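Below you will find one chain, with nothing else, as structure tokens; this is the form predicted on its own, and questions on how it binds or moves follow later.
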């Protein structure tokens, strides 16, 4: 079996397992896994910027929020259908990333991280205080009748699950193609040695901007899907927490791995879910898991597996 065949077989097997979950999981876990798949799509986009290109951003909540409110406000205030609203959310995420990238990429390292954080905080405060449109911290509850896509009721468990799966599958296949393409190789080269990439004739600024915009499109798609599938658009979902969470999911699953964001998001979601049944300090459990990870698997779960046994894993 060739390496390419092995890679596609593993990723398609994961998608087949998730497809089976739609029929086998009880309603509670259907909703949870649907949410995880949407958030994993968001983390996949973050991984393109951070794991593959080396851009440590704390501004992705702005891109996620742009998709969330880009879709939610159109549905709420303009009566737009779920399909066009979702497309608008994707575009909003990409445009937000492009605007931030044009300015923030003039800096590097810690300065880039701080500038992106400032943009995200400005976006959060804009949402928080423009209550006439966004309803601030209270948020927007999208009516059930507005959450219909091609005749499917997105508020029902099974359609919501399969739309979440469709989004994740599309994101996974596109990402797998991207990171194995020449463009993906250049992204990794920039992460490893930017000056050498420049000497080879590549424009780091343009390449990083492209990676950030692609990352923003993923975040916008996930934000729009979250609002439409779960019926809520709120300022808390555009707060700094939602810039840090995808970073944690990527680190937990393995930065620079295609399936790492799914593994990280799934593990962290259920760590919080199950530990909250025993203690109110569920985040302490997550913190302990992250400490153990840093000590024993600093490259994340899949990153460590790749280093030790699965050298071919993308």
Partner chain sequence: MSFGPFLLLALMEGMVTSAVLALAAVGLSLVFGIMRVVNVAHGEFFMLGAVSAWFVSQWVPGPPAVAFVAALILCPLFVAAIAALADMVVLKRLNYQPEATIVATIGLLYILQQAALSFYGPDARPVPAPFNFRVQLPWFGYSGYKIAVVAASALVLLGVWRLLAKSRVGLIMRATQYDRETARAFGINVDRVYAGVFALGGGLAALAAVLIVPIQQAHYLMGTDPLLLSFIVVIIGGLGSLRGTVIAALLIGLSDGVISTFFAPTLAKIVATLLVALVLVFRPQGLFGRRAL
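Numbering follows the first chain given and starts at 1. All values derive from a computational prediction rather than experimental measurement.
Just so it is clear, the following notes concern the form predicted in complex with the partner chain, a form of the same protein that is not shown.
*Asks:* Within a 4.5 Å heavy atom cut-off, is residue 232 in contact with the partner chain in the model of the complex?
*Replies:* Because no heavy atom of residue 232 falls inside 4.5 Å of the partner chain in the model of the complex, the answer is no.
*Asks:* Check residue 196 for me: does it contact the partner chain in the model of the complex (non-hydrogen atoms, 4.5 angstroms)?
*Replies:* So residue 196 does not count as contacting the partner chain.
*Asks:* Is the gap between residue 296 and the partner chain in the model of the complex 4.5 Å or less for some heavy atom pair?
*Replies:* Result yes; residue 296 sits at the interface with the partner chain in the model of the complex.
*Asks:* Taking heavy atoms only, is residue 290 within 4.5 angstroms of the partner chain in the model of the complex?
*Replies:* Yes, residue 290 sits close enough to the partner chain in the model of the complex that at least one of its heavy atoms falls within 4.5 Å.
*Asks:* Mind checking whether each of 73, 95 and 266 has a heavy atom within 4.5 Å of the partner chain in the model of the complex?
*Replies:* No, none of the three is in contact.
*Asks:* Find the only residue in 259, 271, 247, 33 having a heavy atom within 4.5 Å of the partner chain in the model of the complex.
*Replies:* Of the listed residues, the single hit is 247.
*Asks:* Among the candidate stretches 152 to 160, 166 to 174, 238 to 246, 206 to 214, which one is within 4.5 Å of the partner chain in the model of the complex when only heavy atoms are counted?
*Replies:* It is 238 to 246 that comes within 4.5 Å of the partner.
*Asks:* Heavy atoms within 4.5 Å of the partner chain in the model of the complex is the criterion; list the residues of 48 to 64 that meet it.
*Replies:* 56, 58, in sequence order.
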